[in-house]
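Only one chain is included here, represented as structure tokens and corresponding to the form predicted alone.
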């Protein structure tokens, strides 16, 4: 049995929150309801008290309860945070980090999966500001059950109705299942590119955005893992709730990986480490007039191969292969030579997928030679596929 926090905002569809609460209870879960003040004006807390068997939380400071930092304490107890219905106001608060009541303050303390089911007039839903708030929340790992189309409370027809409660419940149960597979496990993930300096101004690097590695780290966190993310220089915000180690060069990444690898149950090397570096980077900017005829480059340390040579029994090591031709053959060779348990290979020459894109298509090959080719998926969805494969390997290693 898991404990679920159900946030309820002041939409006309608030009555459906009762069905959502009951649905989670029927699956054996304990539900703590949190209402906004405006929601409590539509449905008094006493109704949710009776349905949940728990005192509904409305105020940030409640004299009826023994004093505690309640939003922090509750955040540590729950396995899932669902907000249904969620208004445009709540989306804006969450996206901006505004914490002026219990629900918005609680959101900032939560480290478990968050599922939001919006409900509002269609004009409000499609407004650029609302859509920007949704985008920002998605980037931070929040899951959504988008509103349905139909007859709205204002008399209009359009998208904005709260999704069917059964859809919301099913999605929540799916997140709960995915949220336990790595509980108690330590996961190490690398992401992004490295930069190898030529001088203080110029460097050798690649097109990796870090998006895939960040989604891999976020999905591990959702499944209950204790995650360390070693990230090269990227322009995206890391997921919250994990340890982030920023690095720049391959040497720095190797040092950080060496520090954390021995304690990791699973290591996923999603970073695109530069294969080459300048032998002797200049201390000052190299002027065009003094540029030598040739700049000597050497190979960077092969971090993945070194890890494959010293992983302990039961430890799982996952690599990535970014290829432009003969993708599967190159991936199988890398899998063998670097003693990997799983490799994720993709064709980075394909326009619209791979580097810098939000979607990817990959071939997953495990140590037994079994392969699976995915459809074109969002990198978030592909991260779930990767962890499903890793969890399958973990079961077979037991």
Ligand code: PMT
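Remember, it's a predicted structure, so these values are computed and weren't measured experimentally. Residue numbers count along the first chain shown, from 1.
Missing here is the form predicted together with the named molecule; even so, the following discussion is about that form.
Inset, instruction - Indicate whether the named molecule has at least one heavy atom within 4.5 Å of a heavy atom of residue 118 in the predicted complex. - result: Outside the cut-off, so no.
Legend entry - in the predicted complex, residue 323 touching the named molecule (heavy atom, 4.5 Å): Looking in the predicted complex, residue contacts with the named molecule include residue 323, since a heavy atom lies within 4.5 Å.
Legend entry - the named molecule contact in the predicted complex: residue 334, any heavy atom under 4.5 Å: Flag for residue 334 set to yes.
Inset, instruction - Answer for residue 275 alone: is it within 4.5 Å of the named molecule in the predicted complex, judged on heavy atom distances? - result: Yes, residue 275 is a contact residue.
Inset, instruction - Using heavy atoms only and a 4.5 Å cut-off, decide whether all three of 5, 138 and 239 touch the named molecule in the predicted complex. - result: Judged in the predicted complex, none of 5, 138 and 239 sits within 4.5 Å of the named molecule.
Inset, instruction - Heavy atom within 4.5 Å of the named molecule in the predicted complex: which of 31, 363, 57, 348 fits that? Just give me the one. - result: So the residue touching the named molecule in the predicted complex, by this definition, is 348.
Inset, instruction - Counting non-hydrogen atoms within 4.5 angstroms of the named molecule in the predicted complex, say which of 104, 112, 300, 133 makes the cut. - result: The option sitting close enough to the partner is 300.
Legend entry - Per-stretch contact check against the named molecule in the predicted complex, the hit in 355-363, 31-39, 369-377, 44-52 (non-hydrogen atom, 4.5 angstroms): Stretch 355-363 is the one.
Inset, instruction - Go through 182-219 residue by residue and record those having a heavy atom within 4.5 Å of the named molecule in the predicted complex; state none if no residue qualifies. - result: Residues within 4.5 Å: 207, 208, 209, 210, 211, 212.
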